[in-house]
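A single chain comes next, written as structure tokens; it is the form predicted on its own.
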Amino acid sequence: MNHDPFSWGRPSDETYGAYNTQIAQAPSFPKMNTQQPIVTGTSVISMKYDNGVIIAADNLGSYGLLLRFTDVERLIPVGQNTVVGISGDISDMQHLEQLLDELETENQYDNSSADGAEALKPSYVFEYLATVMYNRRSKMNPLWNALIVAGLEDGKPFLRYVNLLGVTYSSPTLATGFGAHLALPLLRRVVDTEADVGKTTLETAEKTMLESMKVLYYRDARSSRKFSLAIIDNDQGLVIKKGLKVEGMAWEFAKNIRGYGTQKV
């Protein structure tokens, strides 16, 4: 040990080699991870019905309180019968979209059975995403998103959820963001348990989803009138409807609203 007062605590060069001066040249700020999302997408809602799954999300990307980007597609098709709906940070969503694209490319490369026995199933996609989310959470650098994976597997509806903590669960109806508070009760009026799935037709499910999107547009200040809706059906296959708009709104009540608090109209 070098007992020079200016070198106290530093091992001798003869024993441990020369001191690494780069340690003292570290940047002024340590490595930092995302502490909160910046540009965000709001709710994704979904439900099972007798012949498949239906899922919807609006096209808005909010920069804080600013409704900045109005054409963000948050429903990502994967393979022939899977759709991933993503809410939360848009940049992290783009990273996940890139990972899914690489997954699909790797599965199809030099694989004659990519559209058959070795096709990507919803459960494969979900397990992959759940592993990615939990891995990033374990590194204390989570992807700030909540995901819903919807699809058909062996002719049966598949619907599961995973969030930034890697928490996963399944339900006949799922929603993220404000949709979990505002839309989920409306969806559960129609499909509350797995027993209700077989009693619900595509027409009923689509009508319920449209009504739920309307309620979200009324009540969620970070939602958009324009949205996309995907149907994964045993008969129709994967159908994605883009550029839909909330219709049949009634704003008559707003004409008498004057600011906040007690009013004399």
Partner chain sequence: MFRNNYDGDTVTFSPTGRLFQVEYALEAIKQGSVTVGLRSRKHAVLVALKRNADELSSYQRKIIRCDQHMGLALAGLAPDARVLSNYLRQQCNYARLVYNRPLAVERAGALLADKAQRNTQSYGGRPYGVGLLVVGYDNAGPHLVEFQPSGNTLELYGAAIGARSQGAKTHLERQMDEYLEVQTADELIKAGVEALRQSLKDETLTVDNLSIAVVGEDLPFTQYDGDKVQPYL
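This is a predicted model, so every value here is computed, not measured. Numbering follows the first chain given and starts at 1.
The same protein has a further form, the form predicted in complex with the partner chain, not shown here; the description that follows concerns it.
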query	finding
Within 4.5 Å of the partner chain in the model of the complex, all of 103, 121 and 124 (non-hydrogen atom)	yes
Contact of residue 107 with the partner chain in the model of the complex (heavy atom, 4.5 Å)	yes
Exercise: residue 117 in contact with the partner chain in the model of the complex, heavy atom 4.5 Å	yes
Contact label in the model of the complex: residue 111 to the partner chain, heavy atom within 4.5 Å	yes
Non-hydrogen atom contact residue 98 with the partner chain in the model of the complex at 4.5 angstroms	no
Those residues of 48 to 86 which, in the model of the complex, come within 4.5 Å of the partner chain by heavy atom	none
